[in-house]
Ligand SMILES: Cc1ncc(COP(=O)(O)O)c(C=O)c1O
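Read the single chain below, which is given as structure tokens and is the form predicted alone.
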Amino acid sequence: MKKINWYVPKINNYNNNYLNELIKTNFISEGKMTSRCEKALSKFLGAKNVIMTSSGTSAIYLALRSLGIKANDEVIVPNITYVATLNAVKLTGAKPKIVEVNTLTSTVELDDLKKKINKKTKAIIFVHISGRSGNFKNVLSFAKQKKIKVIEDAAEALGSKFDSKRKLGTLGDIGCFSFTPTKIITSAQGGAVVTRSRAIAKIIRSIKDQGRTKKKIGGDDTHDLFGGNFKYNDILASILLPQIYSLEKLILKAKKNNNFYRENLKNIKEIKFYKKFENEVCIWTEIICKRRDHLFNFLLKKNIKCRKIWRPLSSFKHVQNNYKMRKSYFISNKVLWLPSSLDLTSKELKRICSQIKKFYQSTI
């Protein structure tokens, strides 16, 4: 039986004209095509400043650096997130302060956040797991009250909205996006930073280009900031640009997949879905399920690939702490991401749901 992958990138609608136009110029590093991506994303997000980066990880790192985060500062990070969020903090020399998450949304638990902040807390990274806003409104309000900067890790939330108008990634001080193969649009690697502040945008553009503060003819440049090479490039931009133009169609497909699963699996008592937010774009459909690992192995034997949610950050050896967070471990042991490719057919979706039903019927 044909294999169904957990996620397959959808780049087959890329425009050859963009790539051919670029190659004819012989200049393929960050340039005009990258600028076109920034402008297209700016228009889609309704954001003033969009800066393309080499990855989502570098986007978070650059966001932290632009806010002046340094050694001995503390940054709040949720216990359930991809490890890149944590790594970006550690790259700055700052200390990640891990907080518990809410079992209803997998996003930051506000009560635990309030216990963990202190005078060293300089920023909160709010991760929009699978495109959810969760309790972001309350966290954002609290952060403003305490005058703590907020960075949105919106790597999984491109297209999701906070309300009927504003999109996730545009409400905090800085928003960060990723374009790896499992995102709604992809260029294999790459990321973007979004901010309302022209001053922050200027710092980020400098840091990502070896700290270059002034570019002069003949190489007589000035590098007044410590930076690195976190630039995007025009080859990747030529692949990403047509996908940005197709985002609305891709979003509709992601919503269709998610709705199909919710409708067809709603009567299985061993399965629960996260609360559905009206304006979310769930790029990976999650189920909170009993006997998660057994179901995972059962589907794998049926040539259906799923993915278990990440292990809690506090479980990793390089994270030096004694955090025991019951909710995080519950999520880590119960949540499964179902196949969520944007090219899934109705027949494949029915097959997946049918096999899940068979599993639970056979284990009653």
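Worth saying up front: this structure is predicted, and the values here are computed from it rather than measured. The numbering used is simple: start at 1 and walk along the sequence shown.
Although not depicted, the form predicted in complex with the named molecule is the subject of the following passage.
> Want to guess which of 31-39, 327-335, 55-63, 296-304 is within 4.5 Å of the named molecule in the model of the complex, heavy atoms only?
Among the listed stretches, the partner-contacting one is 55-63.
> Quick check on this chain: which one of Phe162, Phe230, Tyr261, Tyr82 has a heavy atom within 4.5 Å of the named molecule in the model of the complex?
Of the listed residues, the single hit is Tyr82.
> Looking at Glu100, Asp153, Glu280, Glu286 here, can you tell me which has any non-hydrogen atom within 4.5 angstroms of the named molecule in the model of the complex?
It is Asp153 that has a heavy atom within 4.5 Å of the partner.
> If you check in the model of the complex, is Gly169 within 4.5 Å of the named molecule, heavy atoms only?
Looking in the model of the complex, residue contacts with the named molecule do not include Gly169, since no heavy atom lies within 4.5 Å.
> Is there a heavy atom of Gly190 no more than 4.5 Å from a heavy atom of the named molecule in the model of the complex?
It does: once the named molecule is placed as it appears in the model of the complex, Gly190 has a heavy atom within 4.5 Å of it.
> Can any non-hydrogen atom of Asn257 be found within 4.5 angstroms of the named molecule in the model of the complex?
Result no; Asn257 lies far from the named molecule in the model of the complex.
> Is Arg292 close enough to touch the named molecule in the model of the complex, meaning at least one heavy atom pair within 4.5 Å?
No, no contact at 4.5 Å.
> At 4.5 Å by heavy atoms, is each residue in Val127, Thr180 and Lys183 next to the named molecule in the model of the complex?
Result yes, every residue of the spot touches the named molecule.
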